[in-house]
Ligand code: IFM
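Single chain ahead, by itself, as structure tokens, in the form predicted on its own.
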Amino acid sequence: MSTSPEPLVFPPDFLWGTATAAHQIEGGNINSDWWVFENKGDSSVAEPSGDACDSYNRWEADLDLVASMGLQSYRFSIEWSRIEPEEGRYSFAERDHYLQICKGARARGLLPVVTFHHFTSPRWFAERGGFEWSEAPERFARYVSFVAETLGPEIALACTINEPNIVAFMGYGFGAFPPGIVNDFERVRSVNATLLEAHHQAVTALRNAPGVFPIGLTLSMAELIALDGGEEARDDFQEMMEDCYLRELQDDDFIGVQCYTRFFFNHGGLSLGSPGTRSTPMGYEFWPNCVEATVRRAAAMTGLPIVVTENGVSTTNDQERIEYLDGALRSLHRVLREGVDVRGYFCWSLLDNFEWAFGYQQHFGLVSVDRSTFVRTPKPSADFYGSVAKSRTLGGAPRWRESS
């Protein structure tokens, strides 16, 4: 009698993909607030983005990589600072560039998942106050409308804003994103509200555009654990980072869950791990089970279908990446088995790329990129993930156990 575990089978219409963001891979986004932020003399960013992965010129090679893995979808972002480099002046050529990426994806059998804001804004917008500006939602929606006027018929799913909670918290609480403000949590909450309004106006703009496609935003979430005395700190963090968004998305078509780890809270506040926990180079606990905790919570709070639009791990040991992905996909399968409406999973990231304040020191990619030649080399994890996606089956014994 066989003692092998039963293989885990995923639904036939489940969407498998991988994701990138424009500023992290394109290179040369000189008109963005992030370019300014990372190139300041007193910048806290480890190194500037520079040429990144040169994906602005090598996007076809990137699409070929996604297709070669046997995935069905590619999530990428539009760089607003290319589309509208000066206030009210739009580039038809840049819009056509992103249209060609959508068409190139479809020509390879890949569904384009388009994100309209992934952490970066035009310089002129930042100079107006960014998402503290009273006109920010309207201006963002105007840009979205211009892009969707042409891209709409090609879009498979639309993500309005990537992790708006991180834009607010890292920009005004932790100071690691533009504009680099520290510990001003009233401004974090105010910017959260403006980003939420920008999302709602963008949804309206997209629904008025050509094409028919589901629309949502993506939210950074974590499994949040309150230790003795940490309940109030956990609840305050959960409200500021998650609940203030999750309560307001009922009119969307889906919610994108983006998760990497779990956080602990004690009487002193937030902790990235507990003593003795296994950690990653990002300082996160190695905890792939965060998928089921965050997906369950997002589904319960919103009642919406879920797409896991980001999940992955930073590591230079690719066998560890395979271990993490195996654990994450088993975690995902548990919520599917419970009947939670999860439509897809996107591994972060396709490429080792510019990881914001960490520069090029973190490695999330299924594919490595030579920093001088830009040669792409798929890792064993790309084969592992692609084999699961192609077969829609995860077999064998678990590679990760909670006690490890």
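The first residue of the sequence shown is number 1, and the count goes up from there. A quick note: this is a predicted structure, and the numbers were derived from the prediction, not measured.
Omitted here: the form predicted in complex with this ligand. The next part is about that form.
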{"property": "Contact label in the predicted complex: His118 to this ligand, heavy atom within 4.5 Å", "result": "yes"}
{"property": "is_contact(Glu310, this ligand) in the predicted complex, heavy atom dist at most 4.5 Å", "result": "yes"}
{"property": "Contact test in the predicted complex: Ser331 vs this ligand, heavy atoms, 4.5 Å", "result": "no"}
{"property": "Partner proximity in the predicted complex: Ala293 to this ligand, non-hydrogen atom cutoff 4.5 Å", "result": "no"}
{"property": "Candidate stretches 204-212, 188-196, 167-175, 255-263, one within 4.5 Å of this ligand in the predicted complex by heavy atom", "result": "255-263"}
{"property": "Within 4.5 Å of this ligand in the predicted complex, all of Ser49, Asp352 and Tyr360 (non-hydrogen atom)", "result": "no"}
{"property": "Heavy atom within 4.5 Å of this ligand in the predicted complex - the one residue of Phe364, Trp59, Trp34, Phe346 that qualifies", "result": "Phe364"}
{"property": "Single option in Met282, Ile181, Leu110, Ala136 placed near this ligand in the predicted complex, where near means a heavy atom within 4.5 Å", "result": "Met282"}
{"property": "Partner contacts for 139-177, taking this ligand in the predicted complex and a 4.5 Å heavy atom cut-off", "result": "Asn162, Glu163"}
